[in-house]
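Next up: a single chain in structure tokens, the form predicted alone.
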């Protein structure tokens, strides 16, 4: 069971008390509206925080301190959740029950997290230039590596085109030019601003009581200067004119991406039916797209669909030969039409339900799984806990799946083909 405590205006602690694990975790996320003028800075901030503190001045010292904390670990968080971008740190550490007699891990871990968040070494009113320049290069390399994954690149181009009037079209990590332009003073000023104004979500998984965790967080909270600005709620897809785009690049395999819109989001009672539909339609090796278009028709090397519930967007991605674009597109639409006309067997419906249920059961298999599900669900606006969600999925009927299918409309397509630009 998740318990939520409002620590101060705009700062919430969510606790999952669970004694099954030797490891606990705690995440600290600053929640921002996805904005073109700050997404790159938000993506860069946590990497800078992990470079050092005034007491632990470099990566070697940071690692040494984590070793002292029974091999704890701290990693960066940069997530996209619908209209929001989150930036922060994720801590994994031994639960106090397994420490040596007289030792504690949670309290010194939170003290160290406070140092990482608030005690960065500074120079001339900004982060250390050496840290910033080094992490800018790493972030640019990460962004540019997308070019090597043509499937991810093509899907990114589809969403940017489809959602060009919507915050969901902005890249999670920003653009390389934006990253390159960031300077240390600008970044530190921005960080202090978002610490002051933003919603902050803290999530804990472990054996400690929620009130104990809240008390241990007080030294951190007392050092935060706050002037909270509430977030606007999540919104569905913002309508704009659909576009069909073809891009040429030196590639050996074509990438066809198709984007569909639906009014059904994860904040609606029809959400479980849309999840079941997506699974029947194209998610997994028992889906209509995989079994018919790849296996029976041999039109593609790979194919699958995805559902972005915060926005009501379903996407299809297929790896194909360059001359198979039109026939593959028509085949995808025929499989969707089959769902819309109720050509769904009981075996397909059962397999889809079981696939979703299996995924939901796995949520509680690890602290990271628990944190990832609940922290994201809270921000996305979905109010269903896994048990409620599972019950809703089990109750989905064929008629509800057909209704979900009929809510889909093709909006935008993107095709990446071979050749010189």
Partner chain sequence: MNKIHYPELDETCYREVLENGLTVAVVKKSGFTKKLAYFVTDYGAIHTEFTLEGKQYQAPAGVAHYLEHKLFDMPEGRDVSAEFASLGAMTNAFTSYDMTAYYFSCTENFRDCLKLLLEFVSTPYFTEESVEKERGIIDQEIGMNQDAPDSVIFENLMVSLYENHPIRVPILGDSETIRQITPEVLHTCHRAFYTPGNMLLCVIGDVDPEEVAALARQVLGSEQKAVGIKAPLREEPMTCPRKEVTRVMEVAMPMFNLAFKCEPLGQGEEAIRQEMIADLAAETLFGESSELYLRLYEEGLIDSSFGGGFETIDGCAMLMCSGDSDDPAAVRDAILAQMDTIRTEGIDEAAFQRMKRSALGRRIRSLDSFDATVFRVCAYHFSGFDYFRFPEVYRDIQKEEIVAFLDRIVTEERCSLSVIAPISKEEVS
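Positions refer to the first chain, counted from 1. For clarity, a rigid core is taken as the largest C-alpha set superposing within 1.5 Å between two forms. All figures in this text were calculated on a predicted structure; none of them were measured in a lab.
The following text describes the form predicted together with the partner chain, which does not appear among the structures shown.
K.L.:
Mark residue 367 yes when one of its heavy atoms lies within 4.5 Å of a heavy atom of the partner chain in the predicted complex, and no otherwise.
P.N.:
Looking in the predicted complex, residue contacts with the partner chain include residue 367, since a heavy atom lies within 4.5 Å.
K.L.:
Find out whether any non-hydrogen atom of residue 295 is located within 4.5 angstroms of the partner chain in the predicted complex, and reply yes or no.
P.N.:
Within the cut-off, so yes.
K.L.:
Examine residue 166 and determine whether its closest non-hydrogen atom to the partner chain in the predicted complex is within 4.5 angstroms.
P.N.:
No, residue 166 sits far enough from the partner chain in the predicted complex that none of its heavy atoms falls within 4.5 Å.
K.L.:
Does any heavy atom of residue 68 come within 4.5 Å of a heavy atom of the partner chain in the predicted complex?
P.N.:
Yes.
K.L.:
Pick from 395, 387, 362, 35: which residue has any heavy atom within 4.5 angstroms of the partner chain in the predicted complex?
P.N.:
Here the answer is residue option 362.
K.L.:
Can you pick the one in 141, 111, 181, 229 that has a heavy atom within 4.5 Å of the partner chain in the predicted complex?
P.N.:
By the 4.5 Å criterion, the partner-contacting residue is 141.
K.L.:
Would all three of 23, 147 and 285 be in contact with the partner chain in the predicted complex, where contact means some heavy atom lies within 4.5 Å?
P.N.:
Result yes, every residue of the spot touches the partner chain.
K.L.:
Please pick out the stretch from 182 to 190, 251 to 259, 206 to 214, 220 to 228 that is in contact with the partner chain in the predicted complex, where contact means heavy atoms within 4.5 Å.
P.N.:
Result of the contact check: 251 to 259.
K.L.:
Using a 4.5 Å cut-off on heavy atoms, which residues of 53 to 92 contact the partner chain in the predicted complex?
P.N.:
58, 59, 60, 63, 64, 67, 68, 70, 71, 72, 73, 92, in sequence order.
K.L.:
Quick one: core overlaid, is residue 94 moving 2 Å or more at the Cα between the shown form and the other one?
P.N.:
Yes, residue 94 moves 2 Å or more.
K.L.:
Is the C-alpha displacement of residue 360 equal to or greater than 2 Å between the shown form and the other one once the rigid core has been superposed?
P.N.:
No, shifts by less than 2 Å.
K.L.:
Does residue 71 move appreciably between the shown form and the other one, meaning a CA displacement of 2 Å or more on the superposed rigid core?
P.N.:
Yes, because once the rigid core is superposed, the C-alpha of residue 71 moves 2 Å or more between the shown form and the other one.
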